[in-house]
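Listed next as structure tokens is one chain, alone, in the form predicted on its own.
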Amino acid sequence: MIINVPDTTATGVHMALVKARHSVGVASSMVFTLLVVADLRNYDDVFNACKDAGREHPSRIILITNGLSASSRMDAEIHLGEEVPGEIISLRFHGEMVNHRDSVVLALLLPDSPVVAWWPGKSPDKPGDDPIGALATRRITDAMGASNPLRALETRARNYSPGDTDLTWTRLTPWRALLAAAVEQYPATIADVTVTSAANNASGMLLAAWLEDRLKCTVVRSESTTGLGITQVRMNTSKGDITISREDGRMATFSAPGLPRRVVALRRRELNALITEELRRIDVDDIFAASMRCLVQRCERPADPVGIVAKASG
């Protein structure tokens, strides 16, 4: 069911929800409120990601966008029913109402349940101090949605607050699992590491920080002229290199001294899968926090202002 409520208020939205529930039934077991601050240009992709996330995590999803009208008003669109396990409330703010989004949203939060805020594109420098972010206990950003992803991730790291996370970290989940398994399967002292990734790839920057924090060794980050995202991690040991290479964004090759080379799945994932995974965790991620602290340290080194210390030749 889709209900349009033009030129309305938080009270008007609430009354429309109550009326709709009499028709389709009460949405049960909603686990949290998800606040999504999106731009008009990526609204459709974000809405689809919200629907997928709602299927795994039934919740009240409030999708917040700014409209183009000069008149001061708020238009609402409510989605609920079989296709939406919870509720999706799309709010479009126009004119002066743009400056009062937080007060409207506050009245629509589910009582006594966690609140998560997500910025799929451009996000505030310090999400915890943002009016919408201040309503949430967990805040999700995406540095890859910024015009300069490396600078955006550095800004997130310098302004980190407990409860913050970034989808660059979520993109690293398969890489981190594979690297941890590689180190466990092939125990050897790691002297140094090289992470190779595409230019402006924030996940490569964060992976280098995570590896440095966990392995306590030198980690060099280089740029690749071929491939998508992260293309290679090479760990140098006294017995030879442990290498994971991925050029096509789908399959990776793992090699280590004395072990047969093997191919493993390491696919780049879509936005829907990333946000669905991230919403499985509501508590503070201490490993992410430690990696962000290490990233700040790497950025402050005079010879490495943005974490890049070498370039690959091919």
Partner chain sequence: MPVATGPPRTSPRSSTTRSRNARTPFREEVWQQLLEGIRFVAGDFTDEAAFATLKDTLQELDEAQGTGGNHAFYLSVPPKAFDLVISQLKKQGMTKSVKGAWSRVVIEKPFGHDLASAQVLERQVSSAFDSQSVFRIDHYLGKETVQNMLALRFANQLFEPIWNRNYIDHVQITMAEDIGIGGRAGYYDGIGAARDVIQNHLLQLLALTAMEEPTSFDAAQLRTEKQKVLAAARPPRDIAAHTARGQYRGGWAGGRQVLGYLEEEGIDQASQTETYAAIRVDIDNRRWAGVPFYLRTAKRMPRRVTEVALNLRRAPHLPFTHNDIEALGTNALVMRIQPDEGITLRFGAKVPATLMEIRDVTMDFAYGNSFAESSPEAYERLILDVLLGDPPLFPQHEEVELSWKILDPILDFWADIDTQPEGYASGSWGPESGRAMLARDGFVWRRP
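Positions refer to the first chain, counted from 1. Quick caveat, the model's predicted, so the values are computed rather than measured.
The discussion below concerns the form predicted in complex with the partner chain, not included here.
Quiz item: Exactly one stretch in 225 to 233, 142 to 150, 91 to 99, 183 to 191 has heavy atoms within 4.5 Å of the partner chain in the model of the complex; which is it?
Solution: Selected stretch: 91 to 99.
Quiz item: Any chance residue 103 has a heavy atom within 4.5 Å of the partner chain in the model of the complex?
Solution: Yes - in the model of the complex, heavy atoms of residue 103 and the partner chain come within 4.5 Å of each other.
Quiz item: Any chance residue 115 has a heavy atom within 4.5 Å of the partner chain in the model of the complex?
Solution: Residue 115 belongs to the contact set for the partner chain.
Quiz item: Wondering, does residue 264 line up within 4.5 Å of the partner chain in the model of the complex on heavy atoms?
Solution: Flag for residue 264 set to no.
Quiz item: Any chance residue 283 has a heavy atom within 4.5 Å of the partner chain in the model of the complex?
Solution: Within the cut-off, so yes.
Self-check item: Every residue of 37, 132 and 156 near the partner chain in the model of the complex, heavy atom within 4.5 Å
Solution: Verified in the model of the complex; spot residues all out of contact, no.
Practice problem: Please pick, from 31, 289, 259, 273, the one residue with any non-hydrogen atom lying within 4.5 angstroms of the partner chain in the model of the complex. | Solution: Selected option: 31.
Quiz item: Given that the partner chain is left out here, which of 242, 76, 108, 178 has a heavy atom within 4.5 Å of it in the model of the complex?
Solution: Checking each option against the partner chain in the model of the complex, the one that comes within 4.5 Å is 108.
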